[in-house]
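Next up: a single chain in structure tokens, the form predicted on its own.
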């Protein structure tokens, strides 16, 4: 029997990343270099440089040892759904109940559930470019057609009415504010234009708001809070960034109660819910973790200010103003390199790993994204190396 006689994987699996890769190649290079003993400053992935705080881990252990290790409620335990509803109600000012909340295995599972709930196979889902690296693959994994809407650097990476109007017919639009990778916070005007576009075309809006607590200037506004949008908006949230729980894989999806009820059916045949002891730990994080969330946000605000002070005015570099999230986006086109070539050369020369803008779409080409995920001293040293490297290329 040869390979031609064997059953082959579904076309859907092959379409998730296609021939372009998953965008994380530089992360793999950095990890391989670290495994070989090289002292790499890894500023690629948005993971924290500290572990989940002890009170959250204590709650997780107490819950597990107390017996919450069996099957948990698939849409989420009642107490956690109610607490998340209260949090969401307080932040964007939209009345939310537990029936509007679905607890998911991280924000990524919420994104996949939302895409699956919004689009039938072959339907088009729009997403804003630059984008978080998993967006097009998530849409294609849901058997939908992924079509980008470009937010240009010249427009401050804010999507414009012109760009939206040029988009083809679709079932929904995926947005992200505060934005990863750019750090841009969409203005109220931008969000009102997005809402008007969604209402005019009768679209769903999937709003990724995992950085809603990390806003450095302006304020976070959810499109769900705008007139007529609560019934057509699905909001993705996560404990990963706010409470240092990346590895716990727990997030949520907020939406109209009938949609949430149907998406619970999807979870039944995929993850079958989130372990109860992790949900209890998340509930403890919400109940007692407001100070932690502020502390985490202040850490990244301080490092953002440090990065701006270090890199501002540097030869060969131009900064994208980061108004939120845990990243700084840098335009490196004056060095003569594209983002991928710059990131690879910086890693080889100085063992500093940053993400190429091309990993986040063509709109971010010629940029690199710096994750602020090293302590202040180590981050400053890495930024100084990046600055010197760019200056040498620009000269």
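Positions refer to the first chain, counted from 1. If you're wondering where the values come from, they're calculated on a predicted model, not measured in any experiment.
Beyond what is shown, the protein has a form predicted together with a small molecule; the following relates to that form.
Using a 4.5 angstroms threshold between heavy atoms, residue 211 counts as touching the small molecule in the predicted bound form. Although the partner is absent here, residue 106 is a contact residue: one of its heavy atoms lies within 4.5 angstroms of the small molecule in the predicted bound form.
In the predicted bound form, the small molecule lies farther than 4.5 Å from every heavy atom of residue 87. Heavy atoms of residue 238 reach within 4.5 Å of the small molecule in the predicted bound form, making it an interface residue. If you check the small molecule in the predicted bound form, you find no heavy atom from any of 127, 203 and 224 within 4.5 Å. Heavy atoms within 4.5 Å of the small molecule in the predicted bound form map, among the stretches 174-182, 160-168, 280-288, 212-220, onto 174-182 alone.
Checked against the small molecule in the predicted bound form, the residues 101, 234, 111, 151 give one hit for a heavy atom within 4.5 Å, which is 111.
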